[in-house]
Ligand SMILES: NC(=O)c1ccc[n+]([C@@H]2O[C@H](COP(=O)([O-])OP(=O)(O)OC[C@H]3O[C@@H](n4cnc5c(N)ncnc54)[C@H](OP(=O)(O)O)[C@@H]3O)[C@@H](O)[C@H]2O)c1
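Only one chain is shown below, in structure tokens, and it's the form predicted on its own.
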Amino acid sequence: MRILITGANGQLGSQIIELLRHRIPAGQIVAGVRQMEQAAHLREQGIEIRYVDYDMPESLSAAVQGISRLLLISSPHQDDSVRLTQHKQVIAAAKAGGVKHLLYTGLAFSGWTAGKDTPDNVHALTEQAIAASGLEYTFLRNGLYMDFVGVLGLKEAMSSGELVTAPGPWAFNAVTRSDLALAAAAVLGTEASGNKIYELTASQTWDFADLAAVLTEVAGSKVVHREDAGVQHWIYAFLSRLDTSSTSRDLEQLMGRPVTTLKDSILPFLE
């Protein structure tokens, strides 16, 4: 078994590789990157490096040679039409190159479902294309990254004693990249067959009042949550387009432990 992980220099991909090399021999792992020079440390660990550019089909054809399982980490491009084209080029190369199993990092609770209406987002459309390819697949539908708390003014809230947010019935199933990486490594490290779908979110939601309580604990002084209709920030429009409240136990089951606590999840954003 040889596994190709695309986006291997990225935040998620690099963590997956680090965890995976403790599960299977390094010689079975292939890191797909655009900046080869930034992956020299992986070669030193015995991991093969291959050039992968989603915009260059010829690079994809070469990269998938001898690969049995491929993890397609979704493109970071800002234009979803471009992203979908990039994803479809990877899918085509995987099928033509003899890849047996394609894994894809989509978005929790917004994926494709057989027999349902036409998908309306890039992740669901990508999943649809993968299913239509005939390749065996695993959809790793990642929950909201905990990173979004980094724009909420947590340090300022601890200083002022108030966490001020836009009004709304906010509830979050957010998780850390490290938890998602651990789940992905667990899936990649097994040779289970068949099509699988995982909704990788927290098993319980938290809200801004919970966040204020954690900030109180960290600060050692009271932090209260207050809603203010005058708060204007792009993050709230972004969050409103996602399903941030549905939950699943898939992530915890794959990790074999509970998700990282809210307190431990936000500490990196308080440094």
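Heads up: residue numbers just count along the shown sequence, starting at 1. In this text the structure is predicted, and so the values were computed from the model without any measurement.
Although not depicted, the form predicted together with the ligand is the subject of the following passage.
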Any non-hydrogen atom of residue 48 within 4.5 angstroms of the ligand in the predicted complex: no
Residue contact check: residue 107 to the ligand in the predicted complex, 4.5 Å heavy atom: yes
Proximity of residue 9 to the ligand in the predicted complex, heavy atoms at 4.5 Å: yes
4.5 angstroms heavy atom contact with the ligand in the predicted complex for residue 166: no
Residue stretch of 91-99, 189-197, 73-81, 158-166 approaching the ligand in the predicted complex, non-hydrogen atom distance within 4.5 Å: 73-81
Heavy atom within 4.5 Å of the ligand in the predicted complex - residue from 42, 64, 52, 30: 52
Any residue of 123-148 that, in the predicted complex, places a heavy atom within 4.5 Å of the ligand: 142, 143, 144, 145
